[in-house]
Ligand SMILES: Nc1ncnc2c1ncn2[C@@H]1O[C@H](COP(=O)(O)OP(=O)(O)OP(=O)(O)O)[C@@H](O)[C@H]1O
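We begin with a single chain expressed as structure tokens, specifically the form predicted alone.
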């Protein structure tokens, strides 16, 4: 009997952030001084949440990104490695300062984030181990390091590897440049508004498809579900949201993207991949932590 094939490998490129998470009753207007109900230090950031979702859902995952040479750098690497993520592509930049954020989560699970995106980390992607993309099932990128996305997406496209872009809120010029470079552009509501200012969601998705050889344009709308459009479709279709009571929405969109990238690597049809990702994102919002495969499959089965 032939040995079973290993799980697909997904490369996630972008930000890893030291998230200082404070749970509070309410998020006040300034000036204010309040006591937190709890506190935890996590490895967060879009690509970091994405890569952890890949390993927890049964895939193999490599992280590519940059940190400084400060005290946070080894803690962030260790947090990724604790979830089985390979970090050979995590570059520690001399003189750089790692990204950090303060996250306030209120009793309803809504959050306010103050983020520092790091400093002196460099933009040159020349050190990226692009040769190791061979054999990967998917590449998932966030827009925080556009030069890195451009280099990695070009190599992935040459190799025929699907590229998923986390179209989160960013400068319009960055999204306009990055979307044509990828296969699957999945936006947040604000990200789609940044990409196509003044456009209704359907028109924004059509603009994304028209910008290049994009195979899927979608927008996640939290409890309203996900709207998606492919080149062969006359009109967008909707993936309904899974109804949950949110306790912490931080990272739910990131988990959606990482889960979708894994589903693409597993060669799921687009609609099934989006539904799989919706379940994973809903569980993250409900529990405040990234789910494992059995939990997602149970939700998909209605259990």
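These numbers were taken from a predicted model, which means no experiment stands behind them. Residue numbers count along the first chain shown, from 1.
Another form exists, predicted in complex with the ligand; not displayed. Remarks below refer to it.
This chain is displayed alone, yet in the predicted complex one of 244, 41, 36, 27 has a heavy atom within 4.5 Å of the ligand; that residue is 244. Residue-level contacts in the predicted complex: of 170, 87, 188, 101, one residue has a heavy atom within 4.5 Å of the ligand, and it is 188. The ligand is not shown here, but in the predicted complex it comes within 4.5 Å of a heavy atom of residue 225. Interface residue remark: residue 256 is counted as part of the site for the ligand in the predicted complex, having a heavy atom within 4.5 Å. The closest non-hydrogen atom of residue 252 lies within 4.5 Å of the ligand in the predicted complex. None of the heavy atoms of residue 55 is located within 4.5 Å of the ligand in the predicted complex. Checking 60-68, 260-268, 273-281, 28-36 against the ligand in the predicted complex, the stretch whose residues place heavy atoms within 4.5 Å of it is 273-281. Residues of 205-222 lying near the ligand in the predicted complex, listed in sequence order, are 220, 221, 222, the criterion being any heavy atom within 4.5 Å.
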